[in-house]
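Presented as structure tokens, the chain that follows is alone, the form predicted on its own.
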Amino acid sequence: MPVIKVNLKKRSYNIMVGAGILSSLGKYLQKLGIGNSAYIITNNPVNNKYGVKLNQALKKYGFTTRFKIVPDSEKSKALEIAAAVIKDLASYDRNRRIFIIAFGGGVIGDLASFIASIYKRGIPCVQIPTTLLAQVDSAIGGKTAVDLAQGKNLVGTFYQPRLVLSDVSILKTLPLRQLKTGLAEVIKYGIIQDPYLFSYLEKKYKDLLNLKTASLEFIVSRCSAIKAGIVGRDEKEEKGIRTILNFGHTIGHAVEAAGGYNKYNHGEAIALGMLAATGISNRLGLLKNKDALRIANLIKKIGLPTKIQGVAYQKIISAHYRDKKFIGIKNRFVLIKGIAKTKIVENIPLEIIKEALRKT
């Protein structure tokens, strides 16, 4: 079973990847010594499929448990939901050594880790991501957040988990669309950091779409190792190293917002954002045509969208101005000079962005 370490001195932790490892969770938590009462934040779909199994894994090692169900949507990432959960957590936390388990996808992970970071000024949090997107990306690195009406992820903290446990067998119940949305982030890792991973995806994409265990284990552990390395060198995105993880996200987030967060899911929007960033890179003379074609072909093979439809370009342009990577009035994009060759570029002419969007 691959074990990847996120090296952050006293805040270091392991990412465990494997098939069927959820049943061994109690053993791993016992070794950590973070408490004896698990407060599990999850949603109904995950709880209905895996709640009993998680509960048994914890009870077997003497942990007491409480499951808190929140809505299965982005609406759970709200201050009102966080406040309600904290009140319930406080009522449960009497004479207990308590810790939080985030049991779900990215929304659950963001909410649960945010609550863990502010309750009693910080209690331990364990991430058990149940989507591919969360396993390869959002559960790792310590970014927590809830949304405001004015925008996504505007209230948040950096707060590292004590353990990330990625059981790839859970991915076998994912709907195909959710699997593909996770694969968009996997493609991103290949583009920004790992030529071998990118080539692997080109050759093995059918195995991944057919949920072959060995292929799932490989991509989850490979992406986890890449992100662990980046986070270990630039935990709070202060050195510019972690910024490369945002490849495709400037336009991707704008596509999500312009579509009202229901036209495209996150991975689909990021796929379109990567194509736009690839187009900008090509138009600036950074990227060769052959590499741009490889990226477009892989996105198409996976079955992710390659053309923006049903969303007005002007809305996307307007939304992209709210990107957090802007410095004052200057835009800031993660671009590429080739596979695994990134470049941060500021002040890109608006006409080049518009042209890339029209071609996407």
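From 1 onward, residues are counted along the sequence shown. In this text the structure is predicted, and so the values were computed from the model without any measurement.
The next section is about a form of this same protein that is not shown, the form predicted in complex with nicotinamide-adenine-dinucleotide.
Undergrad: Taking heavy atoms only, is L174 within 4.5 angstroms of nicotinamide-adenine-dinucleotide in the model of the complex?
TA: L174: contacts nicotinamide-adenine-dinucleotide in the model of the complex.
Undergrad: Are any of the heavy atoms in L287 no more than 4.5 Å from a heavy atom of nicotinamide-adenine-dinucleotide in the model of the complex?
TA: No, L287 stays farther than 4.5 Å from nicotinamide-adenine-dinucleotide in the model of the complex.
Undergrad: Do T130 and nicotinamide-adenine-dinucleotide come within 4.5 Å of each other in the model of the complex, heavy atoms counted?
TA: Heavy-atom contact with nicotinamide-adenine-dinucleotide at 4.5 Å: present for T130.
Undergrad: Indicate whether nicotinamide-adenine-dinucleotide has at least one heavy atom within 4.5 Å of a heavy atom of K263 in the model of the complex.
TA: Close contact is absent here: in the model of the complex, K263 is far from nicotinamide-adenine-dinucleotide, nothing within 4.5 Å, heavy atoms only.
Undergrad: Considering nicotinamide-adenine-dinucleotide in the model of the complex, which of S138, Q160, Q193, S221 comes within 4.5 Å of it through any heavy atom?
TA: If I apply the 4.5 Å criterion carefully, the residue I get is S138.
Undergrad: Select from the listed residues Q178, N282, S215, S117 the one whose heavy atoms reach within 4.5 Å of nicotinamide-adenine-dinucleotide in the model of the complex.
TA: Spelling it out, the residue with a heavy atom inside the cut-off is Q178.
Undergrad: Looking at 117-125, 93-101, 200-208, 74-82, which lies within 4.5 angstroms of nicotinamide-adenine-dinucleotide in the model of the complex, counting heavy atoms?
TA: Heavy-atom contact with the partner occurs in 74-82.
Undergrad: May I ask you to list the residues of 271-297 that have any heavy atom within 4.5 angstroms of nicotinamide-adenine-dinucleotide in the model of the complex, in sequence order?
TA: Nothing in this stretch is in contact.
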